[in-house]
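The form predicted alone is given below as one chain in structure tokens.
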Amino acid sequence: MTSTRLIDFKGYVFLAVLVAAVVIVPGLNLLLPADNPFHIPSYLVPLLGKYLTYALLALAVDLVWGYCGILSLGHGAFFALGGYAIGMHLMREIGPRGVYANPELPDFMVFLNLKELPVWWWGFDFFPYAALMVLLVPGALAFVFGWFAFRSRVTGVYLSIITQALTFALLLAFFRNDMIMGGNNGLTDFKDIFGIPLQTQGMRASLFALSALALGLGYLLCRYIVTSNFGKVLVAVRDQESRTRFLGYKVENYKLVVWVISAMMAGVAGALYVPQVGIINPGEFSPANSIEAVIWVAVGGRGTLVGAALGAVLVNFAKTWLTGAFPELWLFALGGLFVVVTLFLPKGIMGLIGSMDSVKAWTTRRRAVAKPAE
């Protein structure tokens, strides 16, 4: 596979923008004084980093929906599980600096009169173990779910409803504190990571750069998958699943592999999200969050990858502005946006850009044909 096939023109532009962001955003924040008009405030750096984690989540959704036809309304669950995994590590890092000064138990466990650390919290004081769980927990859940769902040949809207039920069940479990994960309050009051306080400018810039790096690597991974022979089979499954099965392909295996990869990507996005926002609670399991992720992909352009990331950034930028200026209108605006995109922009923003390029090319050909006649 050649590099030109792996990365197209839009991909090069996308990666170039990410590299520029890694240099410009931390640079304008760390190197320029606060009174400089080009200075980026410290509060804005984690906000932009949060947008990048959402873009990585959108890539994960687009991989299964845009290229395999699996409309997931439960990817928010994988995102939240990755966030909880890194949140557990950050809670263990607090140690005796908590309110109750307990070196072993987080504050909420002391408040609940727990005497010892639950078994599933063991090992999370070790960062490599926590990082491994960021991948394994969402991946294992996706594997078990996909194994039964895809071999039962559950497809279409029925699969979408089941994925939504999955994330809602996890919402209730974490909300009721059945998992001893902080209940409704979740995990918060994080202090540092690797011994460096999370609120320092350098750490915020580092997390932003790490988010951009993860997004770039996630894009390259998705492009490698969709441009390979494996990806061609995924597109065949999306367009004609029964015919692909008739040709001898084990459709359920292809679905399961891409589903697990997508879930692990969502987990990484969640793990990068939590240190930048400073909290993870059961609200991240809300089915509305998973539906929003689908809207991001639809707005940017399903089956384009770059469009999915672009849609995530643009919609969340609009959400930040609109919820500050007119908070009561956001849900109406989001619903209206989805209706408009469905009716008038079925291929999203990237489809609109492609249509403009097609019009320019057609105009150029017409002029080329007209010149000899003149």
Partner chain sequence: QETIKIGILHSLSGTMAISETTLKDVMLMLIEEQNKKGGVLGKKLQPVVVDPASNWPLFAEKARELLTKEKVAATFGCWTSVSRKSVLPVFEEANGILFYPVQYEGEESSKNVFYTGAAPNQQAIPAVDYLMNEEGVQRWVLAGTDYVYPRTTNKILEAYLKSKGVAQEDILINYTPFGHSDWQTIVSEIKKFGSSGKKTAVVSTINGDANVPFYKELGNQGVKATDIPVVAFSVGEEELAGLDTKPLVGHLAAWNYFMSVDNDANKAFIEQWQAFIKNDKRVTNDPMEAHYIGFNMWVKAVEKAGTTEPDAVIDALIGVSVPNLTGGYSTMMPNHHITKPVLIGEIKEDGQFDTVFETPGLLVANEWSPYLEGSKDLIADWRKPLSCGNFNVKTGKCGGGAKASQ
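Remember, predicted model here, so these are calculated numbers, not experimental data. Residue numbers count along the first chain shown, from 1.
If you look for the form predicted together with the partner chain, you will not find it shown, but the lines that follow are about it.
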item: Listed residue (D125, D189, E104, D192) with a non-hydrogen atom within 4.5 angstroms of the partner chain in the model of the complex; value: D189
item: Distance check, Y129 to the partner chain in the model of the complex, heavy atom within 4.5 Å; value: no
item: Exercise: R204 in contact with the partner chain in the model of the complex, heavy atom 4.5 Å; value: yes
item: Contact label in the model of the complex: F175 to the partner chain, heavy atom within 4.5 Å; value: yes
item: Any non-hydrogen atom of D35 within 4.5 angstroms of the partner chain in the model of the complex; value: no
item: Residue stretch of 206 to 214, 264 to 272, 116 to 124, 89 to 97 approaching the partner chain in the model of the complex, non-hydrogen atom distance within 4.5 Å; value: 89 to 97
item: Partner contacts for 102 to 120, taking the partner chain in the model of the complex and a 4.5 Å heavy atom cut-off; value: V110, F111, L112, N113
